[in-house]
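The data below hold one chain only, encoded as structure tokens and taken in the form predicted on its own.
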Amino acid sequence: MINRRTLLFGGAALLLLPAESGAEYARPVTMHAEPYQTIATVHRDLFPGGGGAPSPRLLKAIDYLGGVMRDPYVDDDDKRFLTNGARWLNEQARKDYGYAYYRLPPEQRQQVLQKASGLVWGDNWLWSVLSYLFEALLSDPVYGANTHEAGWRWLRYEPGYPRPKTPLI
């Protein structure tokens, strides 16, 4: 049986626990680990930034994706599909050019992407990768992406209020 004093101390202790901050959600991933190395290269190839557009690096898109991959609320099938798609893209690149996708020159990477986009898995995987990139572009910086509101400023987007003070994940 829990008495009132135990309940009050337990509640106070919960209030002292730090909520996961955006910086923790989008904490840096190991860039040389898969699937991040391949997906980061795909991000740069499909959304290079420049001309006023923020780069995926400025948006911390791959770190945001790392948070998605650790998020217990994201479906495990979606996480597996992201990982398997990167593996399949590298298998296609090795079959066509002898190297992993991220090791190819830009022209050959474009050829691999065009080939993959013509396949059901490739089209779905590229859509998924771009969806998470755009999520990073449009997310509130409290989630650790969209650094300095770069995506919002580029799109001249005014966020809704009130904005979250902590990640609602």
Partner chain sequence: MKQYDICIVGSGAGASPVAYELSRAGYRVLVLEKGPYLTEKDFTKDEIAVSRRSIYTPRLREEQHVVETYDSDGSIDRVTAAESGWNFWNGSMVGGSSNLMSGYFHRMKPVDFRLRSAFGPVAGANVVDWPISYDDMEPYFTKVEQLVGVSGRVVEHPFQERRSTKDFPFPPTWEQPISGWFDTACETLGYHSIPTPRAVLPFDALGRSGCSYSNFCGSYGCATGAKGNARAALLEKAKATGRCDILPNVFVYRLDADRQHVTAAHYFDADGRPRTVTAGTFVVAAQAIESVRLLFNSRNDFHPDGLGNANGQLGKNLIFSAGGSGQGRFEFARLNERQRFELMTRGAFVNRSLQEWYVYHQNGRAVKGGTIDFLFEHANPVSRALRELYDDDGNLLWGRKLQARLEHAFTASRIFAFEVFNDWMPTDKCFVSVDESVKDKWGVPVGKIRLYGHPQDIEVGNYLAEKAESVLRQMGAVEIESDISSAPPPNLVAGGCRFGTDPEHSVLDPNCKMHGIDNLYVSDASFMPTGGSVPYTWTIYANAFRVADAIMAALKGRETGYNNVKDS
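All figures in this text were calculated on a predicted structure; none of them were measured in a lab. Numbering follows the first chain given and starts at 1.
Missing here is the form predicted together with its partner chain; even so, the following discussion is about that form.
By the criterion of a heavy atom within 4.5 Å, P105 is excluded from the residues contacting its partner chain in the predicted bound form. Among heavy atoms of F134, some come within 4.5 Å of its partner chain in the predicted bound form. With a 4.5 Å cutoff on heavy atoms, P28 does not count as touching its partner chain in the predicted bound form; it lies far away. Remark: D71 counts among the residues lining its partner chain in the predicted bound form, judged by a heavy atom distance of 4.5 Å or less. Out of the listed residues L58, A40, L113, A100, L113 is the one that sits within 4.5 Å of its partner chain in the predicted bound form by at least one heavy atom. Contacts with its partner chain in the predicted bound form, taken as any heavy atom within 4.5 Å, map within 130-158 to L130, S131, Y132, F134, E135, L137, L138, S139, Y143, W154, L155, R156, Y157, E158.
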